[in-house]
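You are given structure tokens for the same protein chain in two forms, set apart as structure 1 and structure 2.
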Structure 1
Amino acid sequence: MISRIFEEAYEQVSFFSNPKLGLNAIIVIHSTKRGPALGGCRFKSYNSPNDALDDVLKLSKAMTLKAAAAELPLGGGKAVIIKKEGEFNREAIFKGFGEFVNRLNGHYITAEDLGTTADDMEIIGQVTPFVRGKASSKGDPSPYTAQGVFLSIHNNLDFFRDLGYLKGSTPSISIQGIGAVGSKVAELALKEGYRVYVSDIDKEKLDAFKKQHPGVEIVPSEAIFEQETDIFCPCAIGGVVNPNTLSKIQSRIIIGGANNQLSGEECYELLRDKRILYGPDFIVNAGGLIKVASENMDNAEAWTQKMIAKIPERVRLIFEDHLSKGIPTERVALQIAMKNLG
């Protein structure tokens, strides 16, 4: 793991422990070449500290690529707090984490992520200014992430139709995970008349969503890959697009909000062989980062909408490059990000 940190040129990896609070956290700064490293704080249980480190390394690198591809004046970073078993004082943990963030003097700016909320960011903000997405600033980024994901699909329907990638006149979408992002993608799709299929490992969440939105169809988690829809939209965990699931996926288009959706480069050939268009996640799901980046601007909402509007255009250009040159879409996206990184 240490050799990987050096080989992939991570700028800084910081570990923090406060046994009294039950706080163990890792902050990774991948790059500050374009500006301070901004990235969310993940609060999650891990099987081991090595698993936590592996997760935060991948996520921080993806944030660098996401910010660069979206043309933001930001670098990439990420944090994880390893959630302990049993009881704990949530406020004390996030205050302690905020003190950790403050020690980095603005090289890393934290925000909301899996397992954390705008209220948690408010607590962090009591001890450091290097935080975005606080409840008091109405900084929940998930609606903006969902907006970018949905527009990447909806604004390109004519393009997909011309390719023969849509099965009928009414678009259909299968959404894996109906958390903060997936649920909002589903709502946007329903509003536009899509046939919407959803799955989640949380049955209570599914039942509540179905009650609010009777137009959706619930699909068992293990069957969501085999659903015969136009678009598969992963909005849960990473690595969900892999050789095993690709043997089952029926959709011709994969565009979703989850981070690190591909298990690795072994997916490139399989995507090509099945003629599946994959929208690189760090391009598609940049809306939340754009929202957070705009927080202190005078014209924040207008700037945010302008930048999010570029996401579906960028996705289409990536698809066109992929189809004309035979280059995997993720590699096209990486070329865009690396060019912007200089």
Structure 2
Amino acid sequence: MISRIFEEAYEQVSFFSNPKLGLNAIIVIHSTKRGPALGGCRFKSYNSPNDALDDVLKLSKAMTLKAAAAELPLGGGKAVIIKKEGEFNREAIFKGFGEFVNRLNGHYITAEDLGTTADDMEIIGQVTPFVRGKASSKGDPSPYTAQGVFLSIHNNLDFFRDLGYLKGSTPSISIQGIGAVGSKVAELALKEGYRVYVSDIDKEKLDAFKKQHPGVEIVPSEAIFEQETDIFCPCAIGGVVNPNTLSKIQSRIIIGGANNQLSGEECYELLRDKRILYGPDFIVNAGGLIKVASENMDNAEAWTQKMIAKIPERVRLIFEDHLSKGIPTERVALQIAMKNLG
């Protein structure tokens, strides 16, 4: 693992331990080439510290690419706090973590991620200024993520129509997962008159959503892939686009909010053979990061909207490049990120 850190040129990997608090954390700064490394903090159990290191290394690199592709003045970083079995003092853990963050003098800025909340960020904010998404700053990024996802579809409808990728005059979309992001995408699509199909493993959530929005169609979890819609929109978990699901997916366009949607490069050929346009996740779901990046700006909302408006344009350019040169869309997206990294 250490040789990988050197070979892949991670700028800084820091291990922190405070046995009194039962706190073990890793902060990785992958790159500060475009600015301070901003990335969320995961609070999660791992099978081993090596697994935690592997996770945070990968995640920090992905943040560099996402920020660079979105033209943000930010580098990439990420943190994990390794969750222990049994009781713990949450406030003390996050204060202790905040002190670690503070020692990095702003080269790393933390934020919410899996297992952490806006209230945890508030606690971290008591000991360091290098935190975003505090409860008091009302900085929920998910509506902005959803906006970027939906615009990537909606602003490109004419492009998809010209390609013959839309089945009828009314666009249709199947959304996997109606959590913070998926529910907002569904609402935006309903507002624009789409036929909307949703699935989620949480039945109560689905029922509540249907009650609020009678216009949506509920689809059983596994059937979502086989839905005859124009767009498949993964907004739940990673790896949902894989050889197995690709044999079922009926949509010609895949654009969604979930991170790491492709199981791996084995999907490239299958996507090409089925003539499916896949919107690379780290391009499409950058709206939330843009929102978090804007938090301390004077003209935050205007800047956020300007940057989010570029997402659908970028997605279309990626599709055009893919169609003309035959390069997988994810590779085109990586080229954009690398170019912006100089």
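For the two forms, the rigid core is made up of the largest set of C-alpha atoms that agree within 1.5 Å on superposition. Counting starts at 1 with the first residue of structure 1 and goes up one by one along its sequence. Computed from a predicted structure; not experimentally measured.
- Structure 1, not structure 2, represents the form predicted alone.
- After superposition on the rigid core, the Cα of P19 moves by 2 Å or more between the two structures.
- When the rigid core is held fixed, the Cα atom of Q305 travels less than 2 angstroms between the two structures.
- Residue displacement note: D200 has its CA displaced by under 2 Å between the two structures (rigid core superposed).
- Here V56 exhibits a Cα shift of 3.6 Å between the two structures, evaluated on the superposed rigid core.
- On core superposition, R90 has its C-alpha offset by 4.6 angstrom between the two structures.
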